[in-house]
Every structure is written in C-alpha cells, then in structure tokens.
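Have a look below at one chain only, the form predicted alone, in structure tokens format.
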Amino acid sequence: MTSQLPTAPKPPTADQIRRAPKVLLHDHLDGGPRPGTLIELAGETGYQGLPETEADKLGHWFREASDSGSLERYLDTFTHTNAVMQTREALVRVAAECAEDLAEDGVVYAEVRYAPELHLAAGLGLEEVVEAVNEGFRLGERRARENGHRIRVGTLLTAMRHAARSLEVAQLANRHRDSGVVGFDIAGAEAGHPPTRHLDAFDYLRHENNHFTIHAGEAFGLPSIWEALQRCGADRLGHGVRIVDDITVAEDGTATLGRLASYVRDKRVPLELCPTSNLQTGAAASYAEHPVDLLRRLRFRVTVNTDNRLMSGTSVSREFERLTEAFGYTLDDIAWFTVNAMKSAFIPFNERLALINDVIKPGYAALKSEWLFTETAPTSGSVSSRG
C-alpha cells in the first residue's frame, strides 16, 4: 500500500478564507452600511430618496448602480448612504455594525475611512462626527469580542479633493490621533482635481509627523500617482492600480519596470488594491486580468481591500475567494498579502509586529495544520503519513 501525499498546496476553501486572520486598509464607512440599516435610518430621519425599501432589493440596486464602469457614476451611489448618516445615533450605529461585520469576516485589524465634512447636514460639527464614529467603533469592537471575535479598528479622516476643507480635516485628524484616528486621506473624482491642490494639508501632516494616504492611480493614470508621491509625499497609494501602466511585459513573461514603477517597488510604497471596485469603475476588465497577480509576482507591496462593501457586494473574504479562483492562491499567498497590509498600517511599529507575530502568523499556521491533517487523513486504499 502506498502513501498518498499532496504534491502541491491546493487553494483554500471559502470557509478557511473566512476564518483566516485578515487586514483591511481601504474601506469606506459610507460604502459599507447594511441595506436593512439604511432602510431603518431612512424611516427614522424622513429620507425618502432610497430607490428600494426592501433590504435584498436595495443591496442589489447598489451593486447594479455601481457596475457602470464609471467612477463618477459609482460615486453617485453615496448620495443615499450619506443622506441617512447625519445624526450622532446613525453614525454610532453604522460604525458599530461595520466593526461587527468585519470581525465576523475574520478581519483582525482595519482602517476605515470617512469624510467628516459629509455628515454635517443635520447640525453636527466636525468634532461631534469624529467622536460619534469613534464611539461606534469601540462599541462594535466590544460586541465582536462578546461574539468570540477579535478586531481593532482605526479610522482615516478623508477630505474631498473637489472641496476646500483639507487643511481643516488634516488638523482634525491630528487632534484625534490618540483616540482612534490613525491618519488622513483625500478622495473623490481624480480627473480635474489633482492632489497638489491640497499641499497645505500634506505639509501640515508631515510637520506633525502624521500619516496619510491618497486616492491615486484609480481612474486617472501615472501622473496622479507621481503627484501623490513626489509632490505630496503620500505614505500609501489608495488603489494605485494604474502603476501597471509603467510596466511592460514581454511575450516571454519578462517584465520591465519604468522609473516610477521601480520607485514604487523599491520604496515599498503600499498599494491599496480593491479588485472588485476596480472592475466596477473600469480600471480592470476581469479578475483574471487584474494586475494584482503581476504586481504580487514582481513583489510590490500589494494589499487586498474592499473599498465599498455595499456597492461591490463584497467582503475581504470574497475578494480573496475571487482572486483564489483566478490565480490559484494558497493560504501562503493570502498570508503574504495580509502581512503586507499589517506592515503598512498606520499604527506604531511594535503594535503592528505584535499583531503579525501573535495573531496573524499563528492563525495561518493553525489553518495550514488543519489543511495538512485533512489532506493526509486515511482514505480508502491509502495509508496516511501520520499512520
């Protein structure tokens, strides 16, 4: 009788991916509310603009509306989520449920971003918005622990690139950096709104030794990435998928990097890739054609993210499921993406290291042991290597 051992690691199951410890760096608070919560909040606030009043139908509407291939049309869907996120109670609830949902999906660390200036219509001030969201995340973390899950959530305060409040929001982020706010971001349509319009905010943050990421290289190309890095000094690139425009792949598979791509790789600039969102906004044609695998093989600092869970009908686990189907990724590959993300987080080095060594690596080791046991368990006509 012979021993049958696996010749190569097989892709993990959906359940293993869900249970794997994961890290999320690019997720928008107003892009992830539960459809049922939106309907209830609309009823409480009197908002009558929702296109559907049943949770399943509303979730489907958001996904359909976001599949236009246009970033501008994609951004229009946020009119409805932000409309009902204007009170302290609503912000606390949405933030708490966000933490719970991420923890249920196996996320152990997340940085969730939102624009405080978009939540002032009902009379809240910027400080009140930040305090409400922070309260919600702490509540969600406690509820997650009660349900047997561990998660830590930091927030990024976002300024809108078409508006003129970026310095004010940067100062707000700096004031709350010891109470849950870990950094700053700018977002919104890239075309016609270069990040250099906000240099005063970035100069201020660098002066204060604070962290920031910039949405760049999503709908707009290499000039947006270059400005974000070389003119503004971004620590990370929100999306950054268009860096592939500076990479030439020959017929034999040999890749040649341009100077900007070489700089991004050499400096280990984290790329906050969001595969499903990229497909929706036209930055990639399919999962199999998404540059994430090329960038992984070239050893860029690649991370995998959700962007907007409601609009994309996704989660971190679903993103990895789709990439696993497209590229045959193993638990080792998913662990590589996860450690990349944790290395790139905006919390202190020792805290990042503790999560990597005490939570992430042991979590993947346990899953791999489980996989090995399953693969080598005795079957009819074979002898287990354990036997």
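Residue indices: 1-based, along the sequence shown. None of the values given here were measured: they were computed from a predicted structure.
The protein also exists as the form predicted in complex with a small molecule; that form is not presented, and the subsequent description refers to it.
Colleague: For this chain shown on its own, do Arg236, Arg265 and Phe300 all sit within 4.5 Å of the small molecule in the predicted bound form, going by heavy atoms?
Modeller: Spot residues vs the small molecule: no contact at all.
Colleague: So which of His198, Arg309, Arg113, His80 gets a non-hydrogen atom within 4.5 Å of the small molecule in the predicted bound form?
Modeller: It is Arg113.
Colleague: Partner absent here, but in the predicted bound form, which of 315-323, 24-32, 343-351, 38-46 has residues with a heavy atom within 4.5 Å of the small molecule?
Modeller: Within 4.5 Å of the partner lies stretch 24-32.
Colleague: Can you check whether Leu75 is within 4.5 Å of the small molecule in the predicted bound form, heavy atom basis?
Modeller: Yes.
Colleague: Would Gly258 show up as a contact with the small molecule in the predicted bound form if we use heavy atoms at 4.5 Å?
Modeller: It does not: once the small molecule is placed as it appears in the predicted bound form, Gly258 has no heavy atom within 4.5 Å of it.
Colleague: Quick one: is Val108 in contact with the small molecule in the predicted bound form, heavy atoms, 4.5 Å cut-off?
Modeller: Taking the distances in the predicted bound form, the answer for Val108 is no, it never comes within 4.5 Å of the small molecule.
Colleague: Would Ala187 count as a contact of the small molecule in the predicted bound form, using a 4.5 angstroms cut-off between non-hydrogen atoms?
Modeller: Yes, Ala187 is a contact residue.
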